[in-house]
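Below, in structure tokens: the form predicted alone, a single chain.
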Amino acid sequence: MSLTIAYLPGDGVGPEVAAAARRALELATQESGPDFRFIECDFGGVAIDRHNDPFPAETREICTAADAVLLGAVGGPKWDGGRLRPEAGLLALRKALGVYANLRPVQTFAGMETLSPLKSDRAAGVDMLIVRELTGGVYFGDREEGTERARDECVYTREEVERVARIAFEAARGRKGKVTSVDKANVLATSRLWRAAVEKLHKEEYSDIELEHVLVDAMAMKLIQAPGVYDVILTENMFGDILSDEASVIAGSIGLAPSASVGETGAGLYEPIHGSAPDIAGENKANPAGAILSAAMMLRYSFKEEALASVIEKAVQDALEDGSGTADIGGRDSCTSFTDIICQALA
């Protein structure tokens, strides 16, 4: 039986990196593993242009019925300031899929330490997973627009906190056994609820996992001072948005960073964390590694194919260790030639 992947190339460099991820998936599973059927859909800015909607009904229907969703990138200056924004489609997609936890691994590959903005000894050995709550908080609260007064409401429930915390604790059990929960409990009521809910779940179900709490402003500093001491970082929506982007550059380039958005049921959403990079769109310069590593996360989290996920990850790591790569990581390869090198190991 084949599994369906909703394939959303999106905008800018999205189609270039999504094609690389699709190719890697097909090669990694050609002899064993799932049989995939890809259905390409309009999404983001291209969907606004063609359908006057960043998330058309047909795309919604295909995504919600799929076994997983693979996304390239959305957005660009073409749609800035417009009534319809590509990013609105992304929020709607997450809601439609019921994904509430965003998983962003940050890893410094061997030999890539010199590309980090941090000193090499500080960047070496970094291997963390940021678990960000995705459907609550200030991004989804009631709001009031205005030129003299504006308001954004931040709301969390205990249930929302517990379900994302459970994903973080479970991930830590398969890693180094430590969760760092990030909040602003000295100021915010939602953060005090967050901390209490995490503490309760830890005591009742995950006492075998080491748990610490760090305030978000201190965490922003500690990620730069000593990123190698962290295993799983758990935090709410806006804090996670900011901290995961900060952490992504530790590895040397945001182009290397993958992500997965998952929930209890339904399709997971897999995408590189970089944007649509319209300044290099169509120039074959984009780094495909983040998208390819996102495909590996799809195999791991949606299809429980750990061995195949590891095969893709090793192919990327080997290519990097051999000196291959695009310009953002000091290489001379194009998007397609770097993809070719990675895929040669999968063929």
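The model shown is predicted, which means the values in this text are computed figures rather than measured ones. Heads up: residue numbers just count along the shown sequence, starting at 1.
The protein also exists as the form predicted in complex with 3-isopropylmalic acid (IPM); that form is not presented, and the subsequent description refers to it.
- Although the partner is absent here, residue 241 sits close enough that one of its heavy atoms falls within 4.5 Å of 3-isopropylmalic acid (IPM) in the predicted bound form.
- Mapping the unseen interface onto this chain, residue 101 falls outside it, with no heavy atom inside 4.5 Å of 3-isopropylmalic acid (IPM) in the predicted bound form.
- Though the partner is left out of this view, residue 90 does reach within 4.5 Å of 3-isopropylmalic acid (IPM) in the predicted bound form, counting heavy atoms only.
- For the chain shown alone, residue 122 is not a contact residue for 3-isopropylmalic acid (IPM) in the predicted bound form, no non-hydrogen atom being within 4.5 angstroms.
- This chain is displayed alone, yet in the predicted bound form one of 163, 202, 94, 184 has a heavy atom within 4.5 Å of 3-isopropylmalic acid (IPM); that residue is 94.
- Only one listed stretch (205-213, 105-113, 132-140, 148-156) carries heavy atoms within 4.5 Å of 3-isopropylmalic acid (IPM) in the predicted bound form, and that stretch is 132-140.
- For the stretch 283-321, the set of residues having any non-hydrogen atom within 4.5 angstroms of 3-isopropylmalic acid (IPM) in the predicted bound form is empty.
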